[in-house]
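We begin with a single chain expressed as structure tokens, specifically the form predicted on its own.
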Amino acid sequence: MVDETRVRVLNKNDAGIGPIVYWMQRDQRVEDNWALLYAQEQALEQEVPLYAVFSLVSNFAWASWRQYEFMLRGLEEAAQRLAELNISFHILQGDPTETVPKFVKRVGAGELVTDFNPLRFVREWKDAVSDSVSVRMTEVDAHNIIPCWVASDKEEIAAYTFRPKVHRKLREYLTDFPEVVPHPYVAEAASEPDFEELLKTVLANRTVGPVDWLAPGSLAAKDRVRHFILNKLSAYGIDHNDPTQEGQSNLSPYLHFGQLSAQWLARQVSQAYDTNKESREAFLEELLVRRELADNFCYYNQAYDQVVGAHAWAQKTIAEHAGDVREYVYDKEIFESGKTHDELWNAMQMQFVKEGKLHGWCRMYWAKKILEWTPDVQTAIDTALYLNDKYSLDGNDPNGFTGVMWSICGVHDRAWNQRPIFGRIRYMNYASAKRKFEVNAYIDKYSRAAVLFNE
């Protein structure tokens, strides 16, 4: 049984008699997916067919070809698995506020189930769909280990206020998953999605190509988890802080696209008793507290990408330093091509361009320098989000919005000593980077990428 606190009704309609439709969005996997499990639970109880649909929007925010290709290859694997389970899977193309209600009506659905996403435009889609359908629409948080609205009923000011709430509820929610079973009630046969043709319909920027270091899909995700636990987890507490080491898990893209369940991952790591305890705890802090704190921020603060979404103390210091003179001011094109005066920053941007990822410490430095080199704070936010969401495999994610707002507006941070431009926002500089890791080795690694990008 799916915990009822994971589920909430989005409209005032009653469930009808008919198939259950699962509108897959954020959690693009079959196994370990509470939303799909709930949908099948309802379908089995009512002895009706089960459909799964994904509404493909051809041009999504700043998402590039890199992200679309990774997503669609993962969906291709999910489609094959759903077919094995006799669950009819359909790719709908176009505006989901039109495609989803049309599908629900066509198959005579009795209920529409979807997964949870705190981002503004996705919530607007859901509001429109829930108003358009004549049956009950329910939402299941299959992304967070503790459902977002259960973990806290308000915006948390920092990790230290959120952490105890998470740990109090963790035992209740960090459970194993039941299996999705072959569905006995046959739905209308779906024509097998042609993913090569679907890829051709994508209108996103194709100059940002796929990466070759990470294979998409749930099977590859679980393989990488096992490799991480066996080979990297014990040293994670030390190595993950050094951008020149391969100490990070590199699982963020899988979590972003929902090809990997954070709950399944947390169970694997927490049960790896033969690894270093401090490293396990450091990894689980990132996965359980920091990642779910980002959902909390974006869910309870819909100005999560604007200066007005910052804490009052931060808005005050930003206003006080709005007129401060910048020594360097760059436009978006200079940032994107990695042509600033700072070789370290340029190398970080080239890692984004080349690999679609950036070390966590580097993301903070990278974003804070954008604040320092743009004419105002909102321009800094917009520039950082544009670059992150275009190049990073895990772009357009609550973690990205929250990370940018932490770096530029002090969200979830405290006030520091006064500085020009930054005010009381935490400052980072080249000297602090040199104390942390071998800066020259990092720059050398990505200097070639800058040459290729600008040829």
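Heads up: residue numbers just count along the shown sequence, starting at 1. Keep in mind the model is a prediction, meaning the values are calculated, not measured.
The same protein has a further form, the form predicted together with a small molecule, not shown here; the description that follows concerns it.
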- Picking from 208, 255, 233, 214, the single residue whose non-hydrogen atoms come within 4.5 angstroms of the small molecule in the predicted bound form is 255
- Message: Considering non-hydrogen atoms and a 4.5 Å limit, which listed residue (344, 251, 91, 146) is close to the small molecule in the predicted bound form?
- Response: 251
- Proximity to the small molecule in the predicted bound form (heavy atom, within 4.5 Å), stretch among 310 to 318, 107 to 115, 352 to 360, 157 to 165: 352 to 360
- Message: Taking a heavy atom within 4.5 Å as contact, would all three of 290, 394 and 399 count as contacting the small molecule in the predicted bound form?
- Response: yes
- Query: Counting only non-hydrogen atoms and a 4.5 angstroms cut-off, does residue 403 reach the small molecule in the predicted bound form?
  - Reply: yes
- Answer for residue 272 alone: is it within 4.5 Å of the small molecule in the predicted bound form, judged on heavy atom distances? no
- Message: If we define contact as a non-hydrogen atom of the residue within 4.5 angstroms of the partner, is residue 286 a contact of the small molecule in the predicted bound form?
- Response: yes
- Query: Does residue 407 reach the small molecule in the predicted bound form, with heavy atoms at most 4.5 Å apart?
  - Reply: yes
